[in-house]
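Presented as structure tokens, the chain that follows is alone, the form predicted on its own.
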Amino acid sequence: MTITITAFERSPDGGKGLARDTRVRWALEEVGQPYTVRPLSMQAMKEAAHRCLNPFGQIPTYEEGDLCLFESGAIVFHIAERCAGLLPAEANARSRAIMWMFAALNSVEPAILEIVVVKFAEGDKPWASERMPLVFDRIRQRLRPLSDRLGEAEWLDGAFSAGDLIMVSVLLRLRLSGILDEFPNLAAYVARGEARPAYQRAFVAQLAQATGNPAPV
């Protein structure tokens, strides 16, 4: 059955790979699953037809036969469970990979997303400039133990897994902040993720979508 995902018709990130459909594309590329993309305008995302797929009016969604999923983490988990290549075969290692997926989405990403909140939702507030250093400090509080845990290892727990895919996707949001440069091992970790051929294919496809010139995937 054909896999269809939804994505921004014109991505707000301008093709930087930060839109959450990129991590879904990356997972599909890692496991060698072909897919099609249904681009949506901002208005279409809020209409009833799309809210039947995602009640929050967001992207991405994943459709395959009578299965429809939303939330990028859940979609990547489904892909990893369904196809070989993103979760270890050994039971304990598999559980740890899933743990790192949750850690990325619940322990690391919320702090990073506060940068966007301060810049765009609260940027006109008189206290916004004072709040940003506090946001950066909270991000550092999350990155320090992550950096310590990774150490000099290539990936978080042995071979590359869905846990690394989600963690790298989350850390990529720090690219423009400069914070990642304070943790050289994490910066190198993210660079390794970006260098993976599957990520490069996903990035090129998302860039083409964002700039209005969709490429075949």
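Numbering starts at 1 and follows the sequence shown. Because the structure is a prediction, the values reported are computed rather than measured.
The next section is about a form of this same protein that is not shown, the form predicted together with S-(P-nitrobenzyl)glutathione (GTB).
You can rule out all but one of 66-74, 30-38, 181-189, 157-165: in the predicted complex, only 66-74 has residues with a heavy atom within 4.5 Å of S-(P-nitrobenzyl)glutathione (GTB). Remark: all three candidate residues (Asp13, Met45 and Arg173) come within 4.5 Å of S-(P-nitrobenzyl)glutathione (GTB) in the predicted complex, counting heavy atoms only.
S-(P-nitrobenzyl)glutathione (GTB) is not drawn, but in the predicted complex it has a heavy atom within 4.5 Å of Ile59. Taking non-hydrogen atoms only, Ala19 approaches S-(P-nitrobenzyl)glutathione (GTB) to within 4.5 angstroms in the predicted complex.
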